[in-house]
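Single chain ahead, written as C-alpha cells, the form predicted on its own.
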Amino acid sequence: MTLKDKVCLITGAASGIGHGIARRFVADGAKVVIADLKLDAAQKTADELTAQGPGTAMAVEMNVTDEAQVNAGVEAVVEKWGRVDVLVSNAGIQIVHPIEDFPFADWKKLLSIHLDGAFLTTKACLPHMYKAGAGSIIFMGSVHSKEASPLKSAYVTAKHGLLGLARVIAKEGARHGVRANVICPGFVKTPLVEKQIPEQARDLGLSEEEVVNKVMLGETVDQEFTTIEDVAEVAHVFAAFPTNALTGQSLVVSHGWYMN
C-alpha cells in the first residue's frame, strides 16, 4: 500500500499528531497539504518536510470553522495539484470543566472546531473525490469516541459525533469510491495533552503524577502513552488501503485502554 503522488490534505498539520501524519505521508512519496490556522507555522512545516522528501508539501492557511477559508484552501490545492485524494481532519482543541461550570461559549467553540471543521473540510473535498471516483476521508477521533471521562463533556460529545458523520460519508460515498474512517487514539503526549495534566490535577484534586498514572494511563495494559508514530501508521493504513473493505470503521489505538 502506497501514497506515492497522492494529494493528502491534513488539518492542524503544523504540530502534534497532524505533523506526525504529514511526516509519514511525505516519507511515502505523497503530496501533502499542511493546513493550519497559522500560515507561517504551516509554511515552516511544509518546507521542512519537502526538504526531507521523497514527497513534497505545500502550506495553506485554514481556519476549519470558516467555510469560505476552507473552500479557498481546497481550491488552492486543486489549482496546484489537480485533485484531493485524502483528507485527514485532525484539527482540534481540548477544554475541560465540570458540566455545571462549562461556559456555553467554550462548548460551542470546541464542537465547532471538531464537528464543523470535519463537516466543512469534507464538504469541500468530496466533489473533487467524486469526480475522480476515489478518495479517503479520515477523522481524528479518540478513545473518547467510545468512552467518557469526567470534565470532558464537549470533547466526548464531539468525538462521538465524528463516528456518525464518518458512517454517513461511508454510505453516501461508496458509489463514488470514497471511503471514511475514524482513528481513535488514547492519550498521546502532545502539547494538547501536556496542557490537560495540570488542568485535570486542579479540577480533580489530584497530583499531576496521579493524573498521568491513574487518569490517563490507568486503564492501559502497559502504562504507556500512545505515540504520534502509532497514530500516523494507522492513518497511513486507512489512507492507502486499496478497497472499500474498511470503510465506515473506526480503530482504537490506545495500548488496550479501550477494547472493542
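In this text the structure is predicted, and so the values were computed from the model without any measurement. So that there is no doubt, residue numbering starts at 1 and follows the sequence shown.
Only in words, not in the display: the form predicted together with nicotinamide-adenine-dinucleotide, which the text now covers.
Is nicotinamide-adenine-dinucleotide close enough to Ser142, Lys159 and Leu192 in the model of the complex that each of the three has a heavy atom within 4.5 Å of it? Yes: each residue has a heavy atom within 4.5 Å of the partner.
Applying a 4.5 Å heavy atom distance criterion, does Ser15 contact nicotinamide-adenine-dinucleotide in the model of the complex? Yes, Ser15 is a contact residue.
Counting only non-hydrogen atoms and a 4.5 angstroms cut-off, does Leu37 reach nicotinamide-adenine-dinucleotide in the model of the complex? Leu37: yes, in contact with nicotinamide-adenine-dinucleotide in the model of the complex.
Does nicotinamide-adenine-dinucleotide come within 4.5 Å of any heavy atom of Met62 in the model of the complex? The answer is yes: Met62 has a heavy atom within 4.5 Å of nicotinamide-adenine-dinucleotide.
With the cut-off set at 4.5 Å between non-hydrogen atoms, does Ser136 touch nicotinamide-adenine-dinucleotide in the model of the complex? Result no; Ser136 lies far from nicotinamide-adenine-dinucleotide in the model of the complex.
Just to confirm the contact call: exactly one of 24-32, 63-71, 50-58, 197-205 touches nicotinamide-adenine-dinucleotide in the model of the complex at a 4.5 Å heavy atom cutoff, so which is it? Flagged stretch: 63-71.
One residue of Val96, Ala170, Ile93, Ala76 in contact with nicotinamide-adenine-dinucleotide, assessed in the model of the complex (non-hydrogen atom, 4.5 angstroms): Only one listed residue qualifies here, and that residue is Ile93.
Which of the residues spanning 169-192 lie within 4.5 Å of nicotinamide-adenine-dinucleotide in the model of the complex, based on heavy atoms? Going through 169-192 in order - heavy atoms within 4.5 Å of nicotinamide-adenine-dinucleotide in the model of the complex - the hits are Pro185, Gly186, Phe187, Val188, Thr190, Pro191, Leu192.
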